[in-house]
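The chain below stands alone, shown as structure tokens; this is the form predicted on its own.
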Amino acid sequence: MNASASRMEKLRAQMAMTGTDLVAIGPGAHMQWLLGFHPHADERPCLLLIVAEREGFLMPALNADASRQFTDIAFHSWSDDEGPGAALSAALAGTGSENAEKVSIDETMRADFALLVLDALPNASRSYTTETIGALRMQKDETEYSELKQNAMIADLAMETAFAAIKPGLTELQIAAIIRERFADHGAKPLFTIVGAAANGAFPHHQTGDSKIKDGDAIVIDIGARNGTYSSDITRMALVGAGPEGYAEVHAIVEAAVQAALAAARPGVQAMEVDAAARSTIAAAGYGEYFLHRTGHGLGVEGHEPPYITATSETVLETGMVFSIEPGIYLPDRFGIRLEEIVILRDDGPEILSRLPRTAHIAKV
């Protein structure tokens, strides 16, 4: 059984368990995960409809020939001069879902696509795919793990290249360009390259710019790229010379928060408990107000996906889930520190995908 067939089988089992009659998904990450492709995403309604024993596509005629190369699922095509109404009715009838009572809607697709389905099934109750395909995507298999591990290794190489290049006088953008080039050398498409020097590091999502690196700077480097279907995400710190006053103390607190979160992350634990472990460590050291974001997010087909490691998330962590642990402290007008690991949760706790230490790299002046 190929990956797509296996995932479709798992999805149908999940639908049965949740009492879901119909799953409707649009072009995007859910479809990519399930089928290994998705048609071109634009304003033309395109939907994959899945029921207990059948599936069918509402397919723009413009995309039908290109999509047929990847799937033998039945197409209910429509052209621009016809509109999608009749084809949607045929797709619902063809899959036997015209009287579906519970519909799982892809929360990531366009609202007008979703409304087409809901308007066609006015008596159906609606849920999101978080309890169907989303629940399945959270648990990675060994093939997915292998791809994520490969991407983590490429990110390690890109980070090491950045460390080697850092010196006073270079700009954040120049360092980012070096990182992107290294990613490209390994066939990875850069997704983001945050380089925040000195006070810019106090902005968690700093827009990398023309600021020049100076002696004494602390530099936040948060990078990610995609090789194949999956991607990477890692944050490390670099110091130019001795770094700013007070840096060592704050770095040690953030490192302790990472370790506390790693210790808390176990199968059966709610995500909020992992967030609390990191947050309480930072708060106890007197820096609670400077930890500005959640502790982590899932990583897979998308760079940010469930599970989310937040103060309010009741998601129960399970073996095979992949997520970040990335506490930080951000001191306005001084510097910021974030240390980020991507982990896969094993039966006995988290396995870190990166091999790079979390100690700050010391660049030569």
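Numbers follow the displayed sequence, beginning with 1. No experiment lies behind these values; they were computed from the predicted model shown.
The next section is about a form of this same protein that is not shown, the form predicted in complex with a further copy of the same chain.
Q: Test of understanding: in the predicted bound form, would Phe203 fall inside 4.5 Å of a further copy of the same chain by heavy atoms?
A: Heavy-atom contact with a further copy of the same chain at 4.5 Å: present for Phe203.
Q: Are any of the heavy atoms in Ala242 no more than 4.5 Å from a heavy atom of a further copy of the same chain in the predicted bound form?
A: No, Ala242 sits far enough from a further copy of the same chain in the predicted bound form that none of its heavy atoms falls within 4.5 Å.
Q: Does a further copy of the same chain get within 4.5 angstroms of any non-hydrogen atom of Ala164 in the predicted bound form?
A: So Ala164 does not count as contacting a further copy of the same chain.
Q: Could you tell me if Leu118 has a non-hydrogen atom within 4.5 Å of a further copy of the same chain in the predicted bound form?
A: Answer yes; at least one heavy atom of Leu118 falls within 4.5 Å of a further copy of the same chain in the predicted bound form.
Q: May I ask whether Ala176, Gln259 and Glu351 each come within 4.5 Å of a further copy of the same chain in the predicted bound form, counting any non-hydrogen atom?
A: Not a single residue of the candidate spot has a heavy atom within 4.5 Å of a further copy of the same chain in the predicted bound form.
Q: If you check Asp80, Glu249, Asp185, Glu289 against a further copy of the same chain in the predicted bound form, which one has a heavy atom within 4.5 Å?
A: Among Asp80, Glu249, Asp185, Glu289, a heavy atom within 4.5 Å of a further copy of the same chain in the predicted bound form occurs only for Asp80.
Q: Would you mind picking the one in Arg279, His76, Arg137, Arg226 that has a heavy atom within 4.5 Å of a further copy of the same chain in the predicted bound form?
A: None of the other options qualify; the answer is Arg279.
Q: Choose one stretch from 89-97, 148-156, 109-117, 213-221: the one whose residues place a heavy atom within 4.5 angstroms of a further copy of the same chain in the predicted bound form.
A: Contact criterion met by 109-117 only.
Q: At a 4.5 angstroms cut-off on non-hydrogen atoms, which residues of 61-98 are near a further copy of the same chain in the predicted bound form? List them in order.
A: If the 4.5 Å heavy-atom criterion is applied to a further copy of the same chain in the predicted bound form, 61-98 yields Leu62, Asn63, Asp65, Ala66, Gln69, Phe70, Asp80, Asp81.
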